[in-house]
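Before any questions on binding or motion, here is one chain by itself as structure tokens, the form predicted on its own.
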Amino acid sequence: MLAPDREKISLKQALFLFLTAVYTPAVRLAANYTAIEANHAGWLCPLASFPVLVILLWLIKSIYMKHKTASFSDLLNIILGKLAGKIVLMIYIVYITLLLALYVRYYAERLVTSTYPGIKIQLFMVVMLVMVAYILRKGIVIIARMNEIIIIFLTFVFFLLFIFLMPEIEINKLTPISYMDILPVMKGSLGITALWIYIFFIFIFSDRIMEKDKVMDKGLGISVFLLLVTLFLIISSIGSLGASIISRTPLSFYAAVRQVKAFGIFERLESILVTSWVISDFIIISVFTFIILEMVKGLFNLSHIKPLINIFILFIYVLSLYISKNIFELQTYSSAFAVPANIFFGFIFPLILLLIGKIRRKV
């Protein structure tokens, strides 16, 4: 069923949702992962990931060019056939559901670890999921409009923190750089790429996104902005604490912010950073839940997702509790499984889908 215009969002709003969705995972993963793989050269990893993001924008435009009003589930049926399309759609539902459970658990564990030790993670999970269930009933348009304000706040917070971190950055912790760093930088870039492919996940509900034919033009500007922010994030983390410390620190950017001594305002900076985490988590959990429910709707040819919201939120709560025993298992799961799986589902499979579509003349 074709979504009416009042239930659609602009391309700019979709790209902003992508930016907000990668904020918290980047704060948690980017500096730590790149420091482990590339040591002091980790700040170069986003430069290696950038071409992949540009190619992905081209893939999105190419896949949806001929079917501008189609959803991802519609495209799978068109390109692969109904049976194969539904099988692939089911696989995506299962994987993104696991990914969503991972983020719900990370959100709660991060708050307990950094700010509220001793408080049960279940409390934070219940509060977040109740809020998500409520906002999902309002629809993706309301979420996108809220995010237009949220992205301004997150951008302001990040650059404020970066400015305060600049005096702590030491060039000798980021250099020297040589040709021997090329392979480690390429390996380190996989963690960044695994986050940036979320732009493809956003287009899973492409039937609700307008102006998809302009995704290369508007997407390039967003991509350059994301590249700069990620560079600043890693430079400020590794440059202030050093790669050896960052590689052993789960909340690396948070640890870097804790070093700020200027004017005795760390407590305020810490609270602002934690607030930005929670807001970004709210958006990524809401958007991923919406994506999954839209795919379920397409799989079973349902007319609305509202009847599914409560039962799915309850399922995610239970799954999040049992997906790991502690934050260390979460980190292992992210590095060993989620990073390569994200790259496959967000980049390699879309490329395969485009090739099949071209061969069958469906795109």
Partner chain sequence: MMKKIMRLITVCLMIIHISGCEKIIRERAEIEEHLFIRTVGLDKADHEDCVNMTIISKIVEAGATAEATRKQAYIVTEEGRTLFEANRKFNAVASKDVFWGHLQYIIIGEAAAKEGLSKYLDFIIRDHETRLTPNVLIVRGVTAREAIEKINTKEFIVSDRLKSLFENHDELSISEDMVLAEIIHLMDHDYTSVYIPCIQLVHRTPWEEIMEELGGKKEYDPMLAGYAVFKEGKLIGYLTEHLSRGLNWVNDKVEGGVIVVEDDRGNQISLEIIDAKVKKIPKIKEDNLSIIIEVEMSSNIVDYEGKEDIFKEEALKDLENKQEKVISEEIEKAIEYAKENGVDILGIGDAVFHKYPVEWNAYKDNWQEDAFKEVPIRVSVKSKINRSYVIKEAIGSQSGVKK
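Note that the structure is predicted; figures quoted are calculated from it, not measured. Numbering follows the first chain given and starts at 1.
Here the subject shifts to the form predicted in complex with its partner chain, a form of this protein not shown in this document.
- Among 40, 67, 297, 61, the residue placing a heavy atom within 4.5 Å of its partner chain in the predicted complex is 40.
- This chain is displayed alone, yet in the predicted complex one of 183, 98, 126, 216 has a heavy atom within 4.5 Å of its partner chain; that residue is 126.
- Interface residue remark: residue 319 is not counted as part of the site for its partner chain in the predicted complex, having no heavy atom within 4.5 Å.
- In the predicted complex, its partner chain lies within 4.5 Å of some heavy atom of residue 314.
- Contact check for residue 85: every heavy atom lies farther than 4.5 Å from its partner chain in the predicted complex.
- Although the partner is absent here, residue 119 sits close enough that one of its heavy atoms falls within 4.5 Å of its partner chain in the predicted complex.
- Proximity to its partner chain in the predicted complex, taken as heavy atoms within 4.5 Å, picks out 243-251 from the listed stretches 196-204, 74-82, 243-251, 89-97.
- Looking at its partner chain in the predicted complex, residues 189, 223 and 332 place no heavy atom within 4.5 Å of it.
- In sequence order, 172, 173, 175 are the residues of 157-175 having a heavy atom within 4.5 Å of its partner chain in the predicted complex; the partner itself is omitted from this view.
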